[in-house]
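Next comes just one chain, in structure tokens: the form predicted alone.
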Amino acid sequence: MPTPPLAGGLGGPAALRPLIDTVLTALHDGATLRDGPLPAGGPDTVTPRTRTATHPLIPDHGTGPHHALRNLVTALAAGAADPAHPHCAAHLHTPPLALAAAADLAASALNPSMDSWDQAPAASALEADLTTALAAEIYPHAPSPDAVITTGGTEANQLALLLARERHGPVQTICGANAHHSITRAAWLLGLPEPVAVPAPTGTLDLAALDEALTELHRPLLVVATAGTTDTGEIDPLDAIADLCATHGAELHIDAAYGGPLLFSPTHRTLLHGLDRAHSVTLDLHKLGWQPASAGLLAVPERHHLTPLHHHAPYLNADDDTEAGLPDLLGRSLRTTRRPDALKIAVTLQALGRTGLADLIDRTLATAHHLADLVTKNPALDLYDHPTISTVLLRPTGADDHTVATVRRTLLQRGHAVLGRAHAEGRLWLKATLLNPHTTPQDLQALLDLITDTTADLLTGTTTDLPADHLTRPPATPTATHPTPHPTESDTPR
């Protein structure tokens, strides 16, 4: 077998072009085989089928690039939970925009490493400009806002607690019972006291309980508010929380991983009033920004707040190099090697502009409200509440929690729908997290029909939590016909 070509350099594009064509064909074939939002049969079917299709992963003699790409990409696509399908709506798992995925290909081909300027000359400049621009969206009146790129909301929240600890020592975190689990985990990782959880009986942080907690605690305090909770998509009263923090001398971090992009929508940005009063803000554009993961951000109002992240490694940021004008990148992350995730974000923002991104956001939120309206008109379904962002909780009327859970698993087993689960008001709910701006009213009605029909089957004893051999749609096996490999790269081992 000849030495495989590289993705970069002058010859890289020519080497990539036939391989990309093979990948695109395999993605199409896999989606055709899957024929739905996820493969039917559950793990007992999907796991052995995937292993059979991809075995052996490390053969003695290679099968060639086109065969390997066809085989593994087809198997992965056939066994995927595809967030681009309108009935795949369980999690904050966005269908990425095609243009963002294309930009990610360029990032992979060029492979800049964002830990020193000599590995990423242009990428480091682009990232610096992008983080400054996004931080200015969050802190429009701050003199020198800045941000760092993260792997997502979890890393951004960890950095927020780390920076608070570096400013004040072992801070006591206070968060709502509705806060993301990463807050408690970050405190544990950083050796901080366990966060004090304030009740959130209506889905948002209770202000009176927060006031009481701030009054009773007597150490440096960091309050964490949430703009877009994981279970219900609700937004804490940010401005009122900021007022309490100011009164009690506490700092404020806002986890806006989900809701932060509402800033780009003139229609919905008022939901984030008070966001700019936080000492740090988490933003995650692989949710309502339609980016391939990962695309997180931690923003601060003053650039110097990020100084504690500075780290010195002579082979990457020698003092004389820095003094000579080479940018020092190690203080831009706790990670060393990291991808240029700024590229896909920048491409998306430039391609769509403010109006294009606002349109995507507005369409998505309108779709969620339409789903809620359909639920309220259906006597067989109960609605938890109209959505704040794009999360809709619903459940079959009169069903107990066991039935709700079984409906969800049955839809998964059949490969018909991917819905999440959430507890609210002491009951279990089906959760539809709508992030697909292409979803139609017909798609929504079909989803509700799947829920009500499955519920009726369960309540009449027509079906149970089905094993794979009782599914209405048998699982597909990857047997698609594939085109002949590009003549410049034979699949025959040599």
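Residue positions are given as counts along the sequence shown, with the first one as 1. Owing to the predicted nature of the structure, the values given are computational and were not obtained by experimental measurement.
Omitted from view is the form predicted in complex with a further copy of the same chain, to which the following refers.
Screening Leu105, Ala240, Ala366, Val196 for any heavy atom within 4.5 Å of a further copy of the same chain in the predicted complex leaves a single hit, Leu105. Shown without its partner, this chain lists Arg165, Arg277, His87, His305 as candidates; in the predicted complex, only Arg165 has a non-hydrogen atom within 4.5 angstroms of a further copy of the same chain.
Annotated contacts: Tyr139, His253 and Leu394 are all free of a further copy of the same chain in the predicted complex [non-hydrogen atom within 4.5 angstroms]. Contact annotation: a further copy of the same chain lies within 4.5 Å of heavy atoms from the stretch 292-300 in the predicted complex, the single such stretch among 199-207, 292-300, 370-378, 219-227. Not displayed here, a further copy of the same chain is kept clear of Ser390 by more than 4.5 Å at the level of heavy atoms in the predicted complex. Using a 4.5 Å cutoff between non-hydrogen atoms, Ser265 does not count as a contact of a further copy of the same chain in the predicted complex.
When a further copy of the same chain is considered in the predicted complex, Trp117 lines it closely, a heavy atom lying within 4.5 Å. Residue contact check for Asn111: one or more of its heavy atoms lie within 4.5 Å of a further copy of the same chain in the predicted complex. Interface residues of 73-104, taken as those with a heavy atom within 4.5 Å of a further copy of the same chain in the predicted complex (partner not displayed): Val73, Ala75, Leu76, Ala77, Gly79, Ala80, Ala81, Asp82, Pro83, Ala84, Ala90, His91, His93, Thr94, Pro95, Pro96, Leu97, Ala98, Leu99, Ala101, Ala102, Ala103, Asp104, in sequence order.
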